[in-house]
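Shown here is one chain on its own, the form predicted on its own, set out as C-alpha cells.
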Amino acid sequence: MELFQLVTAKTIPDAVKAQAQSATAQNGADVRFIAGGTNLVDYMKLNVERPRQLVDINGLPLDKIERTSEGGLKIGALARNADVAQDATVKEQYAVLSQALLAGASPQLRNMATTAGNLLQKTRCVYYRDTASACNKRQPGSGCSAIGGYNRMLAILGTSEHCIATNPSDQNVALMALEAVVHIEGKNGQRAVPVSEFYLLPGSTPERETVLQPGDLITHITLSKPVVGAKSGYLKLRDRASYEFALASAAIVMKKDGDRITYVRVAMGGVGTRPWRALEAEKVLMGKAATEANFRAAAEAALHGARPQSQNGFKVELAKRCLVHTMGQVSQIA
C-alpha cells in the first residue's frame, strides 16, 4: 500500500475544503473521506484505491437517526448500519430498509459500516479488484475484461459496451423503493438529490458512478413520511445463506385497498449497474388485483430490457421469481 496522509476533519466545512482539493470525487480520487472504512481500506490494500490523503470524518455530528418535522426520517451519513437496522422506527415503519441492512455483510461489518459509506459501496467485480486486468471503471479506456470473461455475478440491466459491473449494495435497493433523498454539502452549498438521480449509468464513462463533485460530503438521507397502510419487504437470493452478495434481490413497498393495489414501489438488486427501480413493474401493478398472475406480468416488465452475458443468463428468471415471491409476501401483510 502506498503511503498516505491522514487528517481529521473537525467541522463539515473543513471536510468539504479538504476533499475539494481532489481532482475528482469518483474512482481514482486522491483525497478520500474515511469513516467505517470497510470498503475503502479493502481497495487500498489491493492497490485499487491510492489516495494521497484520507480525511477522517468520524468526529462530525452526522450519526443521528431522528424524525423530520414532516413526519419522515432523517438518517445521518455516519449512522452505523447496525444502528439503523435495529432502530425501532425503521423496523416498524421502514421494514424493507431494516431487512435489507440485516441481509448485508456480517454483524461485525454492520457495526462499522455507515449509511453514506454504503451509498458509495464499490462493485465486487473481480476485474475491478485485479489491477492486472483491464477495467474501464478503474482505468478508463483500458477495456472491460468481464465482457467475455467471468461475469456470473454481474449486471444484466443498465449495462454498456464499456462496463457490466453490478452495484453490490442491499441498503441502496431499499432506499430506491423508499424514494430516499440524499443530502449533500459541497463547495457551492447544500443540495438534495433523489436517490434515483444520485447514481449514473456506466455508458461510456463507467468511472463516474454518482453525481458527487470534488468537495461534496453526504451529510444525511431523508425518508418521506410512510404511506398509511403500506407494508414492505426485502428478499435476497445468493449462493450461500450469509456474508454473500446478491445474485438477485427485491425491495417492495405496497398498499392495498381490498385486493387492489393502490400504491407500489419496486426495486431490484444484484442485477443492475446501479440499484434498480423497476418503474415498468409499478405501472403494471397499479390498480390491479394482487394476484400471482399480475405479479408475474410485473416481473416480466421489469426484466424486459435485460442483456445477459455469457454466464449470467440465469439471472433473468431468478430475478423474476425473486420479484414474484417478494410481491406475494408483502401483499399478504399489506
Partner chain sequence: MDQISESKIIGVATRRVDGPLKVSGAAMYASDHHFPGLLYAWPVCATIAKGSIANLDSAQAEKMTGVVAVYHRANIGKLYRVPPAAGMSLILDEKRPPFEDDEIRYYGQYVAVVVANTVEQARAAAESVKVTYNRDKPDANSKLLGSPLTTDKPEEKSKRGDTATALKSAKVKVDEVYTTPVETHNPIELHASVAVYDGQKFTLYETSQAVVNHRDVLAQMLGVPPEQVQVITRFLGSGFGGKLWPWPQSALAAACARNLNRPVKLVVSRQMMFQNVGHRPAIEQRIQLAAEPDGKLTAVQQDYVNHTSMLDDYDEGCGEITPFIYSTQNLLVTGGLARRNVGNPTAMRGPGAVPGLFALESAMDELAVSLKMDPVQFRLKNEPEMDESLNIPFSSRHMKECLTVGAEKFGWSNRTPQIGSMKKDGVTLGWGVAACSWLAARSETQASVELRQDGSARVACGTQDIGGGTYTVLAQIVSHETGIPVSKIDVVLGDSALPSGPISGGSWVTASVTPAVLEAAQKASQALLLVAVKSDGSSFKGKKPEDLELADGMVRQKGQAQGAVPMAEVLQIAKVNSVSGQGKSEGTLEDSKPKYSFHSYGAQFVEIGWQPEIARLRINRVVTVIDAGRIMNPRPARNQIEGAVVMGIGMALFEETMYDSRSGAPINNNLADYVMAVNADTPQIEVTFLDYPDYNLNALGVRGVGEIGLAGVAAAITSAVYHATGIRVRDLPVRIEDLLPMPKVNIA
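Positions refer to the first chain, counted from 1. This structure is a prediction, so every number in the text was calculated from the model and none was measured.
Beyond the structure shown, there is the form predicted together with its partner chain, which is absent from this document and is the topic of what follows.
Stretch 239-247 is the contacting one of 181-189, 89-97, 257-265, 239-247, since its residues have non-hydrogen atoms within 4.5 Å of its partner chain in the predicted complex. Residue contact with its partner chain in the predicted complex: Lys283 places no heavy atom within 4.5 Å of it. Using a 4.5 Å cutoff between non-hydrogen atoms, Asp130 counts as a contact of its partner chain in the predicted complex.
Within this chain, Gln309 lines the site of its partner chain in the predicted complex, having a heavy atom no more than 4.5 Å away. The shortest heavy atom separation between Ser145 and its partner chain in the predicted complex is within 4.5 Å. In the predicted complex, every residue of the candidate spot (Tyr150, Leu235 and Arg321) has a heavy atom lying within 4.5 Å of its partner chain.
Here is the short version: of Leu201, Val193, Leu102, Val126, the single residue with a heavy atom within 4.5 Å of its partner chain in the predicted complex is Val126. Contacts between 29-50 and its partner chain, taken as any heavy atom within 4.5 Å in the predicted complex, involve Lys45, Asn47.
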